Ligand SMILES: Nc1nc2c(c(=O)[nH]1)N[C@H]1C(S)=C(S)[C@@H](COP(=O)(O)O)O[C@H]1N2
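Consider the single chain below, provided in structure tokens and representing the form predicted on its own.
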Amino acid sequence: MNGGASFFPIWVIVTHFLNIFFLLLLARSGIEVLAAHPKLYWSDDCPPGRAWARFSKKVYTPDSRRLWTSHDEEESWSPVLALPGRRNLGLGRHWHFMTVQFWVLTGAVYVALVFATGYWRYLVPTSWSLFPDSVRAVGTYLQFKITDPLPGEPFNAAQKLSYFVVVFLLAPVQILTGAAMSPSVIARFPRYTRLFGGRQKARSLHFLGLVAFAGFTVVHTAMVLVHGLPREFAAMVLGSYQADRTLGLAIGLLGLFLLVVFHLAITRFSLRHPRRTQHLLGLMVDPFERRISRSLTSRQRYSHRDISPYHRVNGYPPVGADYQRLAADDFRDYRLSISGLVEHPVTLSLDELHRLGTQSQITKHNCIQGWTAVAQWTGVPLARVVELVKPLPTAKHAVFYAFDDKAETEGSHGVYYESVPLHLLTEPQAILALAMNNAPLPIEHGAPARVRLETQLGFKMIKWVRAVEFVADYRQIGMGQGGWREDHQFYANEAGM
């Protein structure tokens, strides 16, 4: 490298450190998210046993002798690897979505300055000769020799090409594939996700991008060691190869040490104080998710040939005596209670629900764990239910209660419920589903009635619905977080990402 020149202005130094800081957070929290469904597919049907990559010894098939759910596939990974680890999908997503905002902002500032200052000349290839020169540079390294930088530039050909790929190709692909996994984006812009071949291909590419970033980091670190740690730290920390190398090395190592301490601290805090972590990160995550979740309307129009041959379930059916009695009689005595802040409280049987009118839609289910499936759902538009009961002006949320008591099926406690803002109930594809794939709704998928909100993650689309209550503030329900998953597993209340 050029000994006398200074190619690292302060903005490069700062954004370089911030990139390291945010990427490590994204990687560890992303691994926590992956642990919830540690399998990768090329098909949005997510056929059991057909994953192209599996990071689990658990194997479940459609013809398994006992009922299983996608929660059985979840893994508990070490806090050394995942953030925070130990089966904490809700907190992992909080860390991931908090960090991605700052990482994207850092990248945008960096790229703007790259072009505003002319620094792009050191990153963007301007001649085809860079490609064969890169091959020769790699060959030189493989002979355990140091290759010279390009004339008047800080990097050799291989370095320049790799930095260009990371900054202008790999990072944008990570952002674009991340967006292609949002249920709100998928619902509103189905063609966008098809650019990547579907949500599962986008998820797989997103994971491969993580692997690419990890590989680049390993090679990049190796090159720093090869070129001389004190010399490289002087440039990266103090901006010049001629700066005090001892000082540069000391500051650089101190920065890395503090980075490790920070990760130890936030991991320990997250595991010891999950509710406080949920609330603190929620200050930045909730508005971000709310903008995504509440600004997009589903426009999905899949065909019958897109319907998945196997549709996973999440959560075991209720085992309580009341539900079992209703199921044994094909739910003839089922009554849905709708009350709260409404002008006309009602109690409706299945026949009365059907008489409100039904609609059918073929849409994609997006589970928070990562799997997807397409099905045809038929049910009552929730807008008609809203019109029937006429919520009072003070009503802001609808709370759906299930027959599902978690004490009976998951060893936890509390009746399952979820709250949603009223505007979601009037969306064109918001329905109370009574049938699936032209047949009565199966018990494992929520019979006799389940919610379908096609811009939301699956946990908001509550199954086995027994009652609906219109309320002014969901903070008076349960533990006050907006739903059972939010109360007990620290999910975000907004579910559009």
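Note that the coordinates shown come from a computational prediction; the quantities given were computed from them, not determined experimentally. Numbers for residues come from their place in the sequence shown, where the first is 1.
Unshown form predicted in complex with the ligand; subsequent notes refer to it.
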Worksheet item: Within 4.5 Å of the ligand in the model of the complex, do we find a heavy atom from each of P79, W95 and H263?
Response: no
Discussion item. Whether V313 contacts the ligand in the model of the complex should be assessed with a 4.5 Å heavy atom distance threshold; does it?
Written reply: yes
Worksheet item: Given that the partner is absent here, does E232 sit within 4.5 Å of the ligand in the model of the complex, heavy atoms only?
Response: no
Worksheet entry | Y416 within 4.5 Å of the ligand in the model of the complex, heavy atoms | yes
Worksheet item: Do W371 and the ligand come within 4.5 Å of each other in the model of the complex, heavy atoms counted?
Response: yes
Discussion item. Looking at 55 to 63, 467 to 475, 454 to 462, 30 to 38, which stretch has residues with any non-hydrogen atom within 4.5 Å of the ligand in the model of the complex?
Written reply: 454 to 462
Discussion item. Give me the residue from K201, K396, K406, R384 that has a heavy atom within 4.5 Å of the ligand in the model of the complex.
Written reply: K406
Worksheet item: Looking at L281, L348, V380, C367, which has any heavy atom no more than 4.5 Å from the ligand in the model of the complex?
Response: C367
Worksheet item: Can you name the residues of 328 to 364 that have a non-hydrogen atom within 4.5 angstroms of the ligand in the model of the complex?
Response: none
